[in-house]
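Each of two forms of one protein chain follows alone as structure tokens, named structure 1 and structure 2.
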Structure 1
């Protein structure tokens, strides 16, 4: 039985009816880190690791949600939505809360979900929960919400209900992902462009540090504040500036004396990273994956030295592979302070590298590394009988 079938079977056993089935993917981000909340560019892709929902409407206002992988269940009324200490139901209730505040007419529902996106590894299992449920409710209750509005509801669920001030990247790619394509999102205009990313000799490999340093979410929010402080100072000489997206390295240099050294480095990183995304996309258009990967490696340097969101485990994983000619790029991915590195590795070299990195990492930190080989898949969608079999 595949994962979608397991979720469906549990639903049918518990609720004795036929559910709607939805697949909601995790994501990788090739380049463009910590730029989304600065209205910059990002280049994520949806992946073949997913959360599956089995869901059906109820006639009353109760919602029963079952987390298959945690063997746990939670019930709430759509008329009384409160944050719970339990954690996981908040991602779902946050979405319902957003729709209710926006005056959408919804009823209660029964839902079972489960999947294979590792939690805390930086592949956005939380956005998969939020955007997946938003998509499911939109379809089930025929709310006619357009895709971009769904993305914004899912993001707001995380900002307002879960309390993480994340940008829009993860929820956006969850809905807009397309098989074999990366998506360049302009987080200022919210326009996007697909770039084919099907290099048959190269795999996207994630090395999971299996660490998640505490304070990650407060450090994340602090980075946002530091960028905001930078913008306020730059604005005093350049009133037209609204975000770091409107700023050049030259403008930051001119304000250097007025700025705290940390704020200066944070701003410089973001401005340089926006430029790297654009350059990297040009290399993709030329089909030059080696040049593309070089930008990824520079991103890691910036994240580690200037933005300071890396950690010793991530830095070590990047260092281990950085001079390998069969590895085109390697860097930490996502918010940082743990999670995975993303690596572009020639297919015939993946096993050897993974073995070497696993051994060295174990020697150094006494932690069992995990390797994930991912492929680029489509965004959230309904599972029909045809793709059900392939899921």
Structure 2
């Protein structure tokens, strides 16, 4: 029994009715790191690891949500939504809360969900919960909310109800993801463009350091402040500048003497990273994955040396694979100071590389590495009987 069937079976046993089935994917970000809050470019993709929802409307105002993987459930009224210390229900209640505040007419519902997106590995299980439920409620109650508005509701659920100040990328790719394509998102205009990524001989492999350094949160906030300081200085010479998205390398160089050396390096990284995303997209249009991977490697260098959000564990994982001709690119992914590296590896080489990296990492840090093998998939959608078997 696959995951979709398991979720459906639990729903039917508990509620004795046929549910609507929804698949909501996780995501990876191939290039474009720490650019989102600087109004720059990101290049994520939806992946084949997903959360599955079985959901049906009720005739009252109560909502019962069941977390299959945690063997847990929670009940709330849409007329009295309060943050709970239990944690996971907040991601779902936040979506309902946003729809109610926007004055959409919804009723209660029954829902069972479960999936295979690893929690805490940087594949955005939280956005899969939020955007997946937003999509399901939009369809089930015929709310006629357009896709971009769904994305914004899902993001606001995390910002305002859960209390995590995430950018828009994770919810955006969840709804707009497309099979065999990556999505370049302009975080200033929210415009997007698809680029082909139909390299079926290559797997996207994440090596999870299984470390999370305590300075991650404060350091992240400090990076945002440093970027803001840089913009303020550059703006004195270039009044048209609103964010680092508006800045060229030449502008930064001309203002270098006015900046703290650290602020200069932070701004330099972001401006160069935006350019790398654009260059990498051009390589995808040409079908040149080797050249694309080169830009990924340069991103890691920038994140490690200029933006200083890497750590010894991440750097070591990248170092282990950087000269392997069957590995097209490798870099740290996400906020940094732990988490995963993302690697593009030829399918027939994945097992050997994974074994080597796991053994060497264990010897170096005495930590058991986790490996996740995934591929690019489509965004959130309804599971029909026709595609049920593929779920």
Ligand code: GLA
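Numbering follows the first chain given and starts at 1. Rigid core here is just the name for the largest C-alpha set that superposes within 1.5 Å across the two forms. What you see is a predicted model; the values in this text were computed from it and never measured.
Note to self: Only one of structures 1 and 2 is the form predicted on its own; identify it.
What the structure shows: Between the two, the form predicted on its own is shown as structure 2, not structure 1.
Margin query: Once the core is aligned, does residue 236 move its Cα by at least 2 Å between structures 1 and 2?
Written below: Yes, shifts by 2 Å or more.
Note to self: For residue 308, does the CA position differ by 2 Å or more between structures 1 and 2 when the superposition is done on the rigid core?
What the structure shows: Yes, residue 308 moves 2 Å or more.
Check: Would you say residue 101 moves between structures 1 and 2, meaning its CA shifts by 2 Å or more once the core is fitted?
Finding: Where the cores coincide, residue 101 shows only a C-alpha shift between structures 1 and 2 that is less than 2 Å.
Checklist line | Rigid-core-superposed Cα shift at residue 222 between structures 1 and 2, Å | finding: With the rigid core fitted, the alpha carbon of residue 222 is displaced 4.5 Å between structures 1 and 2.
Checklist line | Per-residue Cα shift, residue 336, between structures 1 and 2 [Å; core superposed] | finding: For residue 336, the alpha-carbon shift amounts to 2.5 Å.
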